[in-house]
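Starting off, we have a lone chain in the form predicted alone, written out as structure tokens.
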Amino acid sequence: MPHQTPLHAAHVEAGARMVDFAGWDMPVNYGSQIEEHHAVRTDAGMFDVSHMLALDLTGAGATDYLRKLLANDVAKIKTPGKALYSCMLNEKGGVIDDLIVYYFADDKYRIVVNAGTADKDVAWMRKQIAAQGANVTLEPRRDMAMIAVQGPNARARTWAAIPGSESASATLKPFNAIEIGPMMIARTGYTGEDGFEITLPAQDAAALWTDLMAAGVRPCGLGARDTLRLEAGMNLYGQDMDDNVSPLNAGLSWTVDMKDETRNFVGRDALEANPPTARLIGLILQDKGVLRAHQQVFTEHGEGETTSGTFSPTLQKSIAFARVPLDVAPGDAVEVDIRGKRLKAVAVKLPFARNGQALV
């Protein structure tokens, strides 16, 4: 029996098509994935992301613990509410998960991890607490729900739905968060559009969902979320990276911070011993067809593989991420094996689209 979020009844009542996603019964669309995609690019859409897990980390040793746990360095965030994107690695340098960590004080952080990896993540984090003897407390917050409101009008429509929230969040900078009582409003997202990710007590989620709909925010399912994130050039755990893929080969070198040579985070030795052998790049199909994950890519520098692929509603073309040899560059012509035929594609710099605009 799949898990259900606090908004499950609202999805069913709205006629959503429900699917199993990472053990959760989640809406894939509410009738039209394409219309939901365009709603986010042009106005405002919202996603139930309560299947992801928020974790509260507190204690005097919190900063030191995270500096050992994560490939990115939390020591560089000093402003309360500031968020940091990072990978959490195993000893071999593979990605256990990618996550966002919010800093509120040296002894207070919130971490948001993926749904499908949540149990594995918590077990790993607790193992590392024990290994370090860290003076911290890790609290999974399954009592909280999360709603992502995304699009050029997302903030204005959120302010209409939550009285008093505009004065508290109007000056909030991108990738920052504020706490309003038990609610956390973060200016983060996964679609390439402006907006908020709102974490709130589970019992309040359905009422906020209804108020956001009344303010003109369109419910969107996981289908639109995937096409939007792919256009925005954002990795998906389990497709574009996993326990056996280094962040250096997954287009995430920018999230690995080795400036402090004394910071011996988990996986550092493996990354230093194994320089990148591939790069993640965008592909646009020139011939007719649809790019999908795990299709073979042929380049003049060797072979690669697509990791995610779809038809882009914004570009009206088929697009993909591909892990290819390091020497492949934007503008290079490549070929992709689709059902036994080699079709023409061109390599491009990511992202494909952001803030409502096609970039390639």
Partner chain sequence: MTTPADLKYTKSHEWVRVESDGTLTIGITDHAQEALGDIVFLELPEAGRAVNAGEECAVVESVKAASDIYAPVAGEIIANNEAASDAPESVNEDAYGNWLFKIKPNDIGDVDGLLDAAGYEAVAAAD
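Just so you know, these numbers come straight off a predicted model, no measurement behind them. Residue numbers count along the first chain shown, from 1.
The form predicted together with its partner chain is left out here; the points below concern that form.
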**Request:** Check whether G289 has any heavy atom within 4.5 Å of a heavy atom of its partner chain in the predicted complex, and answer yes or no.
**Result:** yes
**Message:** Since only the chain is shown here, I'm wondering whether K344 would be in contact with its partner chain in the predicted complex (any heavy atom pair within 4.5 Å).
**Reply:** no
**Asked** Is T158 one of the residues lying within 4.5 Å of its partner chain in the predicted complex, judged by heavy atom distances?
**Response** no
**Asked** Any of the heavy atoms of Q33 lying within 4.5 Å of its partner chain in the predicted complex?
**Response** yes
**Request:** Only one of S86, T199, T227, N153 comes within 4.5 Å of its partner chain in the predicted complex by heavy atoms, so just point that one out.
**Result:** T227
**Request:** Could you tell me which one of L315, A293, L55, V28 places a heavy atom within 4.5 Å of its partner chain in the predicted complex?
**Result:** V28
**Request:** Spot the stretch among 303-311, 322-330, 41-49, 58-66 with residues whose non-hydrogen atoms come within 4.5 Å of its partner chain in the predicted complex.
**Result:** 303-311
**Asked** Which residues in 6-21 have a heavy atom within 4.5 Å of its partner chain in the predicted complex?
**Response** R17
